[in-house]
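Just the one chain here, the form predicted on its own, laid out as structure tokens.
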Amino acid sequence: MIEPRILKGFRDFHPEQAIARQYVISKIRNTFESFGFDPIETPAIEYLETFQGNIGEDEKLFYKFEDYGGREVALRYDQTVPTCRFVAQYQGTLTMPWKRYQIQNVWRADKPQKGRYREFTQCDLDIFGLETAAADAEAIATCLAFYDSMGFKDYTVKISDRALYAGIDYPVIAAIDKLDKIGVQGVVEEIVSKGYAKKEAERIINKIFNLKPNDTIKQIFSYLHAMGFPKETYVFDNTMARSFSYSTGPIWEVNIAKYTVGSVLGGERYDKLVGRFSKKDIPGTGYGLGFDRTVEAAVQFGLVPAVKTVAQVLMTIFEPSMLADSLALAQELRKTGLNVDTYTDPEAKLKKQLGYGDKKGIPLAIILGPEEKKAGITVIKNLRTGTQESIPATKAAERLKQLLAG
């Protein structure tokens, strides 16, 4: 016998969890498409060289291997790099500026912990072909619009600009990015470990603490203000660095108050990344939305429907002779947009069927017996309250929708 188990850092999702995830995905997709962004998909496996040299210090987290053809490949680490490969490969067919979003899984050989997994869903949004601060601002605006649509009341987009870090080597920037996690002293020690004198490390930290918004950040703030987003939802953060080596301009992260696991979204401008796959540089800006963390935060604050099943109605089978009539009625109800679960064991007692519906969390049940068929009516039973009512069969769908609407 094979022991039923899964690898550490990977997860199964029960229906109620998957339903919550799909609810959030629908909100994300609706927001992105409301701004005119189109979806794409890329392969789960890419050539290893696609990712190498494009991620930074975290390349040790690649799931990489040699395939049966002897090629060095890696599971998709993120979606920004493959999308830049996509843009370089198909640039002759893309209408610039090109706006895309992507919702797929990525894999990282990370240390599992709360809010951090080895396989997780990532939701990316990017704009290619524009170097303007307005493009960065539009990307940030979609962040604000999404978290607002979810119902989050206390969240903040922290914004900075890699241009403010001019003259600071990337390894130092990567250390500064850990400021929230390890504190000032920890960052100083890490910079020293990279070969810098302690006084130089302290000088760099002092410089960071005294940074002010530049013209690009001011333009972004002006754009967001014009769109009507409250000023308290976006702020300048002089200590945020973002650790990706490909960042070249504005950078931003989203934090939700009282969700203590960490940021739920990170974005940046990356004007040189497409050029690594092409002779032509194509500017880009966008972000990766931390889907799992966002779902966890939404559940924490009660912002997703607490439902156990997508089924809205249980079609019972009163007796074997009523099977065909019950199946026909269930199909008619589905045509009106209702989700109907049919109990397809005509020998099962009605009590057992209703118990199944109640345990599964289906709110309503339809009972159609010979007498009801003869009278042209159906019985709707509310599995939450135990009450029931008889209505004309032709009005069943309408009444079910009224009850579901509360």
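Note that this is a predicted model, so its numbers are computed, not measured. Residue positions are given as counts along the sequence shown, with the first one as 1.
Not on display, but discussed next: the form predicted together with another copy of the chain.
Residues 198, 221 and 246 are none of them found to lie within 4.5 Å of another copy of the chain in the model of the complex, as judged by heavy atom distances. Although the partner is absent here, residue 309 is a contact residue: one of its heavy atoms lies within 4.5 angstroms of another copy of the chain in the model of the complex.
Using a 4.5 Å cutoff between non-hydrogen atoms, residue 64 counts as a contact of another copy of the chain in the model of the complex. Residue 4 belongs to the set of residues with a heavy atom inside 4.5 Å of another copy of the chain in the model of the complex. Contact check for residue 379: no non-hydrogen atom falls within 4.5 Å of another copy of the chain in the model of the complex. Heavy atoms within 4.5 Å of another copy of the chain in the model of the complex belong, among the stretches 224 to 232, 153 to 161, 207 to 215, 190 to 198, to residues of 224 to 232.
When another copy of the chain is considered in the model of the complex, only one residue from 334, 203, 272, 114 comes within 4.5 Å through any heavy atom, namely 334. Site annotation in the model of the complex: the residue of 257, 94, 182, 299 reaching within 4.5 Å of another copy of the chain with a heavy atom is 94.
Residues of 13 to 47 that come within 4.5 Å of another copy of the chain in the model of the complex, judged by any heavy atom, are 13, 14, 15, 18, 19, 21, 22, 29, 33, 34, 35, 36, 37, 38, 39, 40, 41, 42, 43, 44, 45, 46, 47 in sequence order.
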